[in-house]
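Below you'll find only one chain, the form predicted alone, shown as structure tokens.
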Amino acid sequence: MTVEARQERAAAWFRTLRDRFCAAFEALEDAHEGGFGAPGRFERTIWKRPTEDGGDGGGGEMSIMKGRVFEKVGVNFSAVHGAFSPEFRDRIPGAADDPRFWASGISVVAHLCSPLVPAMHMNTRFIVTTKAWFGGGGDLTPIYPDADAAARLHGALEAACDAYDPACYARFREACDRYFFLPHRDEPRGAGGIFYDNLGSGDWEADFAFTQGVGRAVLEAYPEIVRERMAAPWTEEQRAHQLVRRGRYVEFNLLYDRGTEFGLRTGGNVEAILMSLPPMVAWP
């Protein structure tokens, strides 16, 4: 199979997964009878990435919904190509001698109206330079400790890992705990999940199937976590605590998140890159 065929297959999967997440989240909006206002619906915005010479550098679609379950949820797809800047190319595998790249992926970030429903992040991607690899993962950020929700997501991700390599779950879980950590506060961002990068085992079909499995695992587990908690009553005190905890999310994404840096340094759409930020936040 050619590299171009692999790129087409990966991008098609990321679009399909985007559509499935959007449908699942809109179904939750419809099911929440106690919410205020009409059920939310995703609004899609197409964006283009121009190259330095004004050519076509690909682009993406930003899907954002604000509703009665999801205060803000973004499900974004992108497929971009171009060349890394001289100051950035040495940090990317396979780009030191040839800065050209192609990258496609999906990013999902959900911030809920209820402080009793955990926030969630998931992204998977396929990147091609002179090398090619997959990366991504998913994690949960409860406002209040929620052992059942954490176990549900971890269980789904572990099953996806077991289908690929039974030894990789512990490694990817530890990588997630290490990555989603705020050094300046000496605390984790949330309840963890898995994180992997530079996944190119030599068996592209297996690596691709695993990346698909990660997406399916989160899609299977997270909507049920939301459904079981979205109608529970909450207080203004809990809401105030939610806004403070969201501040940790903002701090991580602006200070440490590699995806944020990658997107900004490769000419990505700023609004799509920063869609992960919550709509309201507070610091004590």
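In case it trips you up, residue 1 is the first one in the sequence shown, and so on. So that the term is clear: the rigid core is the largest set of C-alpha atoms that superpose within 1.5 Å between two forms. Everything quoted here is computed from the prediction, not taken from an experiment.
Form predicted in complex with another copy of the chain: not shown, discussed below.
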Give a yes/no on whether residue 19 approaches another copy of the chain to within 4.5 Å in the predicted complex, heavy atoms considered. no
Contact test in the predicted complex: residue 185 vs another copy of the chain, heavy atoms, 4.5 Å: yes
Residue 219, heavy atom within 4.5 angstroms of another copy of the chain in the predicted complex: no
Would you please decide whether residue 32 lies within 4.5 angstroms of another copy of the chain in the predicted complex, comparing each non-hydrogen atom pair? no
Just one of 81, 173, 125, 72 has a heavy atom within 4.5 angstroms of another copy of the chain in the predicted complex, so which one? 72
What is the one choice in 232, 254, 27, 38 with a heavy atom within 4.5 Å of another copy of the chain in the predicted complex? 254
Only one of these stretches, 222-230, 246-254, 40-48, 55-63, has heavy atoms within 4.5 Å of another copy of the chain in the predicted complex; which one is it? 246-254
Using a 4.5 Å heavy atom cut-off, are 274, 277 and 282 all in contact with another copy of the chain in the predicted complex? yes
Determine, after fitting the two forms on their core, whether residue 20 shows a C-alpha shift of 2 Å or more between this form and the one not shown. no
Residue 9 C-alpha moves between this form and the one not shown by 2 Å or more, core aligned: no
